[in-house]
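One chain comes next, on its own, written out as structure tokens in the form predicted alone.
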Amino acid sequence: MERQAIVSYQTPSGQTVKIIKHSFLSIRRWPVKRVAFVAGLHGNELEGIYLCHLLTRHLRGLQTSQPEAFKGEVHIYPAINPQAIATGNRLWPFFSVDMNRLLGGENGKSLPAQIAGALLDDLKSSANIVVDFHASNLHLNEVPQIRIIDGFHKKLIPLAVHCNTDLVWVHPPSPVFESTLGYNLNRAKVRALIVESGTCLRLNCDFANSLFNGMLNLLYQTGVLVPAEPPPPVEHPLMVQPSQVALLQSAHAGLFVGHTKLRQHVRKGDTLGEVIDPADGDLLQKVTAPETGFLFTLREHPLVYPGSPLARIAIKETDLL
């Protein structure tokens, strides 16, 4: 394994901070297939950081025992926003900017913008395929899923089906995506998958282990990694469009009390939870499934207001190719 600092900078206090890339190189000469894993763009999203640890540990052992298994290159960027990670903050400290909203346009010459640009350039020169790991916010818990912008889906879905996620969700294009890492990589012809899993500031080991098997399978299916024993088989994900997702929202301010768990196949009318008024003891809203389908998002933070998202249900699967 090779270790390289793609960026090094000094904080206002004089501390040197480095953004590290771990590289596992191929036994073959160029050209080879190259896959990169990125985590920590948002400092409060820890699932991907842990997943990069699992991948690095496994690949380091495999490189020692089976160096011939590396037919391509693997590059791991485990902590892109180290100061934000150190404080458990989504945004870059001092500047209070979202590092995943600094690409694809005129974003000035601030330090975060320069580093975001350096990351994009390094990925474009190092990888043909990129997996960018994210987690949900404190309010929601999400099953492992891949989110794809419509227009890129024909090139990305054949990769996404190998990643052992519960869901592949195709979104319509929106201006908000145009400054993100994933969008700009795909626009530059580097296929980028955006994985979302769990909730921020938490680790879900079951989700991480599922994704770990999926990432090994992706490396295997793309021919980057050919070990003596193939990785465990993976599940085929549900394929959904936005029109096939039912969003449940709170009609009241109060506390949401969930009565079910993620990864459940629910039937229309099933009780998913309640919104209660803790002061008066009143039941304000009985939250039921509006359609039969797969529960892939569930409220984690109990405090709610009118319009707060409570759950999402994938109501049917479709052929997106």
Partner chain sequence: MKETIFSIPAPLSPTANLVKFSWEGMHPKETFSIVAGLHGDQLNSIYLCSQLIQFLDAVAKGIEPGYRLKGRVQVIPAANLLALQEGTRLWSFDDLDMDLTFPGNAQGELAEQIADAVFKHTVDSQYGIVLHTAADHYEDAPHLVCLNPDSVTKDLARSLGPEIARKPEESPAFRLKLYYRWINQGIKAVIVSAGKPHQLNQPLCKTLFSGLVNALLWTGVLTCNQKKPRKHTVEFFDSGCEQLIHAGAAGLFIPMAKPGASLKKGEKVGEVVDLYTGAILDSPVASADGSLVTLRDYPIVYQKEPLAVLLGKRKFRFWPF
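The structure displayed is predicted, hence computed values, not measured ones. Numbering follows the first chain given and starts at 1.
The next section is about a form of this same protein that is not shown, the form predicted in complex with its partner chain.
S.K.: My question is simply whether G254 lines the interface with its partner chain in the predicted complex - judged by any non-hydrogen atom within 4.5 Å.
M.R.: Because a heavy atom of G254 falls inside 4.5 Å of its partner chain in the predicted complex, the answer is yes.
S.K.: Within a 4.5 Å heavy atom cut-off, is P278 in contact with its partner chain in the predicted complex?
M.R.: Heavy-atom contact with its partner chain at 4.5 Å: present for P278.
S.K.: Is G104 one of the residues lying within 4.5 Å of its partner chain in the predicted complex, judged by heavy atom distances?
M.R.: G104: contacts its partner chain in the predicted complex.
S.K.: According to a 4.5 angstroms non-hydrogen atom cut-off, is S125 in contact with its partner chain in the predicted complex?
M.R.: Result no; S125 lies far from its partner chain in the predicted complex.
S.K.: Which one, T222, N213, Q244, Q83, lies within 4.5 Å of its partner chain in the predicted complex by heavy atoms?
M.R.: Comparing distances to its partner chain in the predicted complex, the residue within 4.5 Å is Q83.
S.K.: Though its partner chain is not shown, can you say which of V234, L91, L159, L120 has a heavy atom within 4.5 Å of it in the predicted complex?
M.R.: Answer to the contact question: L91.
S.K.: Among 92-100, 164-172, 213-221, 194-202, which stretch has residues with heavy atoms no more than 4.5 Å from its partner chain in the predicted complex?
M.R.: In short, 92-100.
S.K.: Pull the contact list for 28-59: residues with a heavy atom within 4.5 Å of its partner chain in the predicted complex, in sequence order.
M.R.: If the 4.5 Å heavy-atom criterion is applied to its partner chain in the predicted complex, 28-59 yields nothing.
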